[in-house]
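Only one chain is given next, in structure tokens, and it is the form predicted on its own.
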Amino acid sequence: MIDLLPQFLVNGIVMGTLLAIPAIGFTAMFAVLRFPNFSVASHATIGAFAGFAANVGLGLPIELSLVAAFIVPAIIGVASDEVALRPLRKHGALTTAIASIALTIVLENAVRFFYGNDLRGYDLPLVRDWRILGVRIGPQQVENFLLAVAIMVAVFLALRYTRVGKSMRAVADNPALAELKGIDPILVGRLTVFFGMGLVGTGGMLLGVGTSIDPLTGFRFILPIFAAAVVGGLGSIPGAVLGAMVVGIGEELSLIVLSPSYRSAVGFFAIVLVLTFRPRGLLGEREY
């Protein structure tokens, strides 16, 4: 298996890059709203199916289908947050987090009602994998990797240079001080949910492209996404990217010694190790 190490590393880097997109959305919402929103699982599924409808139903290419994968879960995320989660925030983070788990069950079953339980695949051309220095990689993997990198660059630029991004960072650092400066924390919270769930949906589609999707697509990725956010440091955008790379590469390297059926345990052990030795995460600054 050691001779497959370069292959596992390449696969891990690609997987880590794809995991980073929903992990950024998850950690951004945690930083502003102060609770872990586990309904990201269902919104990743909704994004995957919205992209599927645009790709297979409307015949759009993957690049344009990602727009639907962003907008649909973003709108549903804001609507479901206003109806189900925002009224509960005054009761504490634990109550809201539990409600988000109930919400994700409702939304997943809504997807199941419309699409059933069958596995579905995107309309992709059949192409041969490339073999470079003994490492096999598919053209679609390269495209997904480049799309994920482009999305991450856009997110970093938006957070650093736009008014909305600066307002999000201000509310994440100190909501009371941000309100004194004239920033509306409720509006910023809605915008954060919109962009956060949009990123989660986009990540759900990218993770589903090249394999298949079903109503449990997001549920299968919730542990790696949560682990990426915790390992990097909840509330830290760069930390979410670093944590995603650690989890993605760790899952692939675990195949050297573990059966593929146990690869999801890597995320669990990563959470345990980080909470034991560095509770704030690798790049986190805030106690949680």
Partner chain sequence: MAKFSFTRRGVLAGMTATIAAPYVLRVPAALAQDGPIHLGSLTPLTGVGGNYGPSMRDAIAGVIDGVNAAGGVLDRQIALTSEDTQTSPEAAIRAARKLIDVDGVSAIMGTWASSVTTAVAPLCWENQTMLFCVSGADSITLLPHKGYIARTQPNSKLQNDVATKFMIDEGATHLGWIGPQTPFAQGNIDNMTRIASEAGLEVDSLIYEADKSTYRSEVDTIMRSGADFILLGGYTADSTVLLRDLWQAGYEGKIIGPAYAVNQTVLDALPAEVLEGIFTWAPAPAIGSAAYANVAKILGVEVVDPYSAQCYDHANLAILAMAAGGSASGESIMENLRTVSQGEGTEVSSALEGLPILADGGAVNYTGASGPCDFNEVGDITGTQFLFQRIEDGAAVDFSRT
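Rigid core here is just the name for the largest C-alpha set that superposes within 1.5 Å across the two forms. Residue numbers count along the first chain shown, from 1. Just so you know, these numbers come straight off a predicted model, no measurement behind them.
Unshown form predicted in complex with the partner chain; subsequent notes refer to it.
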So which of Val127, Ile132, Leu146, Ala176 gets a non-hydrogen atom within 4.5 Å of the partner chain in the predicted bound form? Val127
So which of Ile137, Ile75, Val164, Ile183 gets a non-hydrogen atom within 4.5 Å of the partner chain in the predicted bound form? Ile137
Can you work out whether Leu207 and the partner chain are in contact in the predicted bound form, taking contact to mean some heavy atom pair no more than 4.5 Å apart? yes
Check whether Val153 has any heavy atom within 4.5 Å of a heavy atom of the partner chain in the predicted bound form, and answer yes or no. no
Check whether Leu157 has any heavy atom within 4.5 Å of a heavy atom of the partner chain in the predicted bound form, and answer yes or no. no
Could you tell me if Thr17 has a non-hydrogen atom within 4.5 Å of the partner chain in the predicted bound form? no
Name the stretch, out of 183-191, 115-123, 67-75, 164-172, where some heavy atom lies within 4.5 Å of the partner chain in the predicted bound form. 115-123
Quick one: which residues from 241-268 get a non-hydrogen atom within 4.5 Å of the partner chain in the predicted bound form? Glu251, Glu252, Leu255, Ser259, Pro260, Ser261, Tyr262, Arg263, Ser264
Determine, after fitting the two forms on their core, whether Pro260 shows a C-alpha shift of 2 Å or more between this form and the one not shown. yes
